[in-house]
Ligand SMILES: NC(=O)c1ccc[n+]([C@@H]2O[C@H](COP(=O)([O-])OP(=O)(O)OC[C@H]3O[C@@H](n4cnc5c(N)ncnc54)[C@H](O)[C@@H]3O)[C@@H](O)[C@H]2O)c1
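First, one chain by itself in structure tokens, the form predicted alone.
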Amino acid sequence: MRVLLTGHQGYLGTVMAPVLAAAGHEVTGLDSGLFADCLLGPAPADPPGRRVDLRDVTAEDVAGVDAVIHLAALSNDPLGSLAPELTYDINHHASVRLARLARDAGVRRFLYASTCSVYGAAGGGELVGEDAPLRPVTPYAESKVRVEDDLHELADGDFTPVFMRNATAFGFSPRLRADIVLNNLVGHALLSGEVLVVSDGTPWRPLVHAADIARAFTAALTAPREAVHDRAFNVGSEVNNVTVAEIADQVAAAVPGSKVVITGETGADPRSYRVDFSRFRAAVPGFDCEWTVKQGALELADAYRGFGLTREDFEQRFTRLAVLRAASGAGTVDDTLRWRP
């Protein structure tokens, strides 16, 4: 297929592009470039692409494309809470506009990167399936719910949206993010000797490796239409439904000499949920996640050591909010997070 991958210079897109290419697809990218320089180690070989803000995409960008994989977004809860109006403008309105342009251009399949955060305050009792009530507690998660609703209205006999509700990502990417839970805890452990948990450690989190997300999207791209058309799928594995305290213990095991410190200063996080991932396995027989939290912690520790992760980079260059604040302070982006001329 000819695949347009938005966010190809982001944390997930950098991992996904080569997986798609290895499966035989012709990949082109679309990215604002805000995080293109967030590199740890050698720069990857990006697919051909265009640097453009998602809000400024045109019909030309989707012309001749068979499928769109839409990853681009303001991508975490602190960012969304800092600028909720931009989160809705970019994550919601621009995403739906992209989907309309794609449908009108004859794109057949539109894979949307949603999130298990839509379950929000589900608690850790029963496993949460795709038909469970959605209880988003942040602007980021709310924006994902709104896009799913609007894409559902666009679905027809020729246009197949698929809602891929990723668990919380982890694992090494050449364009690193240090502001997601496992990646963050491993960095703290290596740089300070402490696995620092500021919540009370009790919230449940479903985790999934970036490479498993890439494999899931690649599988959904060519799955039979009737198996995936206008459906939501949780992306991850039940084995990686873990509490934050359990994640911390795995990190301490992966970083010898480190110790778990649970301060509890932020109290109990309302985002707590255990997730059922069986629907996607049923829709795409043969698929299952390959990475565990333990393996991911070891991989990250090795990569951080091997590429010489520093505290400054960990806190500034690989934290999305810090990157945008620095760009804004330097005047390279304006108040709408667009590049200045």
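Just so it is clear, the structure is predicted and the values come from calculations on it, not from any experiment. Residue numbers run from 1 along the displayed sequence.
The same protein has a further form, the form predicted together with the ligand, not shown here; the description that follows concerns it.
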Q | Among the candidates 250, 218, 237, 115, the residue which, in the model of the complex, approaches the ligand to within 4.5 Å (heavy atoms) | A | 115
Q.
Looking at 254, 162, 98, 167 here, can you tell me which has any non-hydrogen atom within 4.5 angstroms of the ligand in the model of the complex?
A. 167
Q.
Residue-level contact is defined here as any heavy atom of the residue lying within 4.5 Å of the ligand in the model of the complex; does residue 75 satisfy this criterion?
A. yes
Q. Even though the ligand is not shown here, does residue 274 get within 4.5 Å of it in the model of the complex, heavy atoms only?
A. no
Q) Can any non-hydrogen atom of residue 144 be found within 4.5 angstroms of the ligand in the model of the complex? A) yes
Q) So in the model of the complex, does any heavy atom of residue 294 sit within 4.5 Å of the ligand? A) no
Q.
To test your reading of this chain, name the stretch in 39-47, 298-306, 25-33, 282-290 whose heavy atoms come within 4.5 Å of the ligand in the model of the complex.
A. 25-33
Q.
Let me test this: is every residue among 13, 140 and 177 within 4.5 Å of the ligand in the model of the complex, going by heavy atom positions?
A. yes
Q. Going by heavy atoms, what in 33-65 lies within 4.5 angstroms of the ligand in the model of the complex?
A. 33, 34, 35, 52, 53, 54, 55
